[in-house]
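Only one chain is given next, in structure tokens, and it is the form predicted alone.
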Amino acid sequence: MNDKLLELDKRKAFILATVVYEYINTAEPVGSVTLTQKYNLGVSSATIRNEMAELEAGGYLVQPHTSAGRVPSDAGYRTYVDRLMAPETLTKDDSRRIRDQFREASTELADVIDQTTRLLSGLSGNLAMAIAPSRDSHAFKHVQLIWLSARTSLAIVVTSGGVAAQRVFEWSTDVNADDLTRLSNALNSRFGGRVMEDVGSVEIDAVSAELGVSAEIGDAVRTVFATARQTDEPEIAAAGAQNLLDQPEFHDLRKLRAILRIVEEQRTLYDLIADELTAENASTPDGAPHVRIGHELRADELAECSVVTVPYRFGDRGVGMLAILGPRRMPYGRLIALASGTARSLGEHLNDVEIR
């Protein structure tokens, strides 16, 4: 942040906060007369006009047209979000809708994520997105090595995210069902509750060697665990793109099409919020929300957008991400409260039910 942002005196800060608040609510450039008539600022219209001119010179406000009022710049929004905005809490109605949604939510991980994005887009009136935790961050629950015949067995690895891998193995020599049961029990005892990325091949080999099972079986177990740990890029779920049509900023269809292209390009959309998965706030038990504004998104098509991201927990270390994308003129306090409340309820649901 520019050092100038630390130089705002109390009056300039109050005027800036009022301009941002007014513009968020009206989508119309804000002039000094409007501030004088609608808000008790305790100073004359001329003083407000001079202060707004200085805020514009300092980079906090911009004047879209010569005769028009002013609107916040990226720096103005940034200052508002970081220093001037009053925190908001969920309304009773929003809390009830979130609670009701997760009371009836699916136990299929993909379905839960889809339902959550639809809920969040409906509550926020913007585009909602979600990334599920990667599979290597899920907790290991159990492995089943099932004897089908002397030369055929089925291996299933189950994690906190459901069935992570299953595979049928054909053996070159006869296999005893008791060996498979003993190995399953030993692996479950050794690895139960661990994060999948911590279940390594060396320890799997050690367990197999302790029990004296064949190298062929040990190789098979390593293979199915490796499949269960695969960290393919998680798919991103998105809902509510049509909500952007209701925003004055996007009545220009060229701007809207550019944004919708990003929504359709899963890779671009994933990159937009995936950085937050490894950010410091995502490594804490209760990750804090994060806001990126305008050009901070590093995409020209999104220069008039902002994104609110909030991590949610799944198991001991599994981290997913919820996000809301909308115009820079978004009600930041309300959307942060919505995203945080939804992320908290999603994490509780994933940890309280048997996710498949």
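Just so you know, these numbers come straight off a predicted model, no measurement behind them. The term rigid core refers to the most C-alpha atoms you can superpose between the two forms while keeping them within 1.5 Å. For every residue, the number given is its place in the sequence shown, counted from 1.
This protein has a second form, the form predicted in complex with a further copy of the same chain, left out of what is shown; the following refers to that one.
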| Proximity to a further copy of the same chain in the predicted bound form, single hit among S214, T89, S201, Q144 (heavy atom within 4.5 Å) | Q144
| field | Position in contact with a further copy of the same chain when the complex is considered in the predicted bound form, options V163, A186, A177, A206, heavy atoms within 4.5 Å | value | V163
| query | So, K12, G31 and E56: all three within 4.5 Å of a further copy of the same chain in the predicted bound form by heavy atoms, or not? | reply | no
| task | Report whether the minimum heavy atom distance between T173 and a further copy of the same chain in the predicted bound form is within 4.5 Å. | result | no
| request: Find out whether any non-hydrogen atom of L84 is located within 4.5 angstroms of a further copy of the same chain in the predicted bound form, and reply yes or no. | output: no
| Do V158 and a further copy of the same chain share at least one heavy atom pair within 4.5 Å in the predicted bound form? | yes
| message | Under a 4.5 Å heavy atom criterion, is R167 part of the interface with a further copy of the same chain in the predicted bound form? | response | yes
| query | Want to guess which of 146-154, 69-77, 190-198, 92-100 is within 4.5 Å of a further copy of the same chain in the predicted bound form, heavy atoms only? | reply | 146-154
| said: Could you pull out the residues of 236-265 that have any heavy atom within 4.5 Å of a further copy of the same chain in the predicted bound form? | reply: A239, G240, A241, Q242, L245, D246, H251, L253, L256, R257, L260, R261, E264, E265
| said: On a rigid core superposition, would A105 pass a 2 Å threshold for CA movement between the shown form and the other one? | reply: no
| request: State yes or no: after fitting on the rigid core, is the Cα displacement of I146 between the shown form and the other one at least 2 Å? | output: yes
| Is it true that R167 shifts between the shown form and the other one by 2 Å or more at the Cα, once the core is aligned? | yes
